[in-house]
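Shown below, as structure tokens, is a lone chain in the form predicted on its own; questions about how it binds or moves come after it.
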Amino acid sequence: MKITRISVFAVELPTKGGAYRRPWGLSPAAYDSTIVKIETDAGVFGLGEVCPIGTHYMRGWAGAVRSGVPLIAKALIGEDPFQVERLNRAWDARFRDDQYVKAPLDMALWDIIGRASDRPVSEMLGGRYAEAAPLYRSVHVFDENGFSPDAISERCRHYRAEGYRHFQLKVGGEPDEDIAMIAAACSELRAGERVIADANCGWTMSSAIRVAQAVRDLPVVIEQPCRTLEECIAVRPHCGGPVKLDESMETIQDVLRAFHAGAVDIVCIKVGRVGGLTKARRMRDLCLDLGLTVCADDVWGSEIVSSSLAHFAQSTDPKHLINTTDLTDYVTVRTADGFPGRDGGEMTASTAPGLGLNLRLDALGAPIAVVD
């Protein structure tokens, strides 16, 4: 089997309900996603997607993906898609850094491997566990809700009614306000529920320490309190509960540094940020061997990204998996059919071959680039 054609599509993903309010302002009302389709001479194809959500969250943006993917794609024509590890090494040598550019291509290769083997991707990633994966839900409030403890409590109750049991707060603003938000969410907790306070690198060290000490006795996970890993290492001793690192976890080397510094209990592995399912699997397996817990996550996206997360989560030992996410629950555009979606606060991967998807070309239109 050889790769014969690679097509690149652009799609805008509007958020449900419009822009969300966060402590540092409103998020955009839509994000720009890139979808890749890899075709082979055997008639088997694979799909991949990445949505780095602009320049304000992580490295890169959609324009860079669309410029970089065709450069890598030229080197993939004529290659065997089953050689996914070798191809990862090869494009890393040709195209240093910018791992997010490689993510949709890697995802599509795993989709091809699964389809050609008549197996779901979860089985290709190390074995499929029977348990459904628990979902977290970002507790966004809309502009009209205001940003207050009462609004946070109301949103937690709303998402509980939808079946969620893990609530992620977007904090990282003024410490006293964040302390009140965390306390309000924790006061809503029932048995088996979790609160994760995600600062998204927003606190200074002094603010992070202030918040961590104020909520030390509350059942809350502190996520990515500061921008750099060095800052997070310094803040960790002030936290009473588990610490989850997200933005600073880009490579296996980052995981090792954080682990040896005693700075992390939960590692958020964002498939798009680390470069695709191949590198995500490597990072996941290292975390499990170190005794760490992982969150199977990604930045943004539609059915393709969410399907990859479902398979990634389903192949992770539930003992070490805190949760995952269904990003289709945040956007209004459907790009593919076949994604099972969530069932209340849980998600199960498709048992169909590959990712189990068929592209909705009516939602994408013509490709913006074709390499053959």
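Note that residue numbering begins at 1 and tracks the sequence as displayed. This is a predicted model, so every value here is computed, not measured.
Another form, the form predicted in complex with a small molecule, is not on view; read the next lines as being about it.
The stretch in contact with the small molecule in the model of the complex, judged by heavy atoms within 4.5 Å, is 132-140, chosen from 132-140, 278-286, 79-87, 202-210. Contact annotation: S315 falls outside 4.5 Å of the small molecule in the model of the complex, judged by heavy atom distances. Though the partner is left out of this view, A116 does not reach within 4.5 Å of the small molecule in the model of the complex, counting heavy atoms only.
Residue contact check for F259: none of its heavy atoms lie within 4.5 Å of the small molecule in the model of the complex.
Within this chain, F45 is remote from the site of the small molecule in the model of the complex, having no heavy atom within 4.5 Å. For the options A183, I72, M124, V299, the one in contact with the small molecule in the model of the complex, meaning a heavy atom within 4.5 Å, is V299.
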